[in-house]
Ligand SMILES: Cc1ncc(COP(=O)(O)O)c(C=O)c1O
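Shown next as structure tokens: one chain only, the form predicted on its own.
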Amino acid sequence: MIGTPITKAMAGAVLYIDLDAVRSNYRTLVDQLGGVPSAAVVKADGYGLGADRVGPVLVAAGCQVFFVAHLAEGIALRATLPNTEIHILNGLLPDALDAYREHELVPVLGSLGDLTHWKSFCADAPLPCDIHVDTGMLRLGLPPDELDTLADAPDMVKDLDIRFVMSHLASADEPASDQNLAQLAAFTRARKILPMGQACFANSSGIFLGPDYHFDMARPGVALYGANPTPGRPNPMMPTVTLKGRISQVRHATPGETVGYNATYRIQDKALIATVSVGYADGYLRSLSSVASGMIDGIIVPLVGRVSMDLISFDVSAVPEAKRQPGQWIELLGPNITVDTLAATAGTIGYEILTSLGRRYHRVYTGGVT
């Protein structure tokens, strides 16, 4: 039933979240910045880990500036973090302007229309805002023609309380990409037109591009939660999550039998097939069908057949009988199967794995604010 607390006894899987690792990752990024302060991106409920749990840990580590995507996320986070700056990335909602003032939230303005709405709303008492400049993603932010308009009409931003002028890197995880330098040049030009406030440019991977990208404030996201911001090199971040699925049933299988929907996996030799109570409804992606693996007591167990909504199957033939009984656990994500490893197997990125973590898991938090 919706709203019923999920205890370990009733859960099909347990998600362990290491808040001390989140704190350590923030400090690692701050060290990498060499004195430049760092905000934290906690959108999508803290990348799936729970913004209400990671937020206070990050504050205790020294973070005072937070970014979320949606206004509703900011309102929820304000209840947890009453004395911090909270910025809303996804542009201004002109029909909800009072909510920004009521909850002390800072909108990121990304168009001339946003600027006009906010300036009119704040005519009597200026409220803080950010300006987002698009430097090459063709997503949110002032496009080049609107930036040129501001260059010719600086009064459009006169009297605004601008905290950050910001942009977003598109290829920071590819250090050799020419797009990084092109965006840096575009952002540097934007700062000449909009020199007010502080400059905020580097995301998780952008921090590792070097000091030229750091400016006045960085805003890492996924690296805080353990994903590798430096693909192709050792991960400087600590893992933050471990997911263990409960074995519901173990079946003896004979050659010729098939496993799961559409008979996509056929048994070749006698096997023992363990069914685990996790599926794509829990964020265990369907693209992992017949390509992922789990781990039991250091033994790799291959996933066989299709991932269904609530169940997956593993060949546990190589596991000693005492370790493969119903009620025991298979590591699906954790020390042996990292977020980035599982993402690569699924043909996706660590962001999707983390933000898909299911709400039917029993969650166990360790460490954090004491």
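Residue numbers run from 1 along the displayed sequence. Everything quoted here is computed from the prediction, not taken from an experiment.
Same protein, other form: the form predicted in complex with this ligand, not shown, and the subject of what follows.
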Partner-proximal stretch of 292-300, 252-260, 203-211, 145-153 relative to this ligand in the predicted complex, 4.5 angstroms, heavy atom: 203-211
4.5 angstroms heavy atom contact with this ligand in the predicted complex for His87: no
Proximity of Cys129 to this ligand in the predicted complex, heavy atoms at 4.5 Å: no
Contact flag, Gly221 vs this ligand in the predicted complex, heavy atom cut 4.5 Å: yes
Partner contact for Tyr47 in the predicted complex: this ligand, 4.5 angstroms, heavy atom: yes
The single option of Arg139, Arg233, Lys270, Lys192 touching this ligand in the predicted complex, heavy atom within 4.5 Å: Arg139
Listed residue that, although this ligand is not shown, lies within 4.5 Å of it in the predicted complex (heavy atoms), from Val41, Val30, Ala343, Ile337: Val41
Within 138-169, the residues that have a heavy atom no more than 4.5 Å from this ligand in the predicted complex: Arg139, Met166, His168
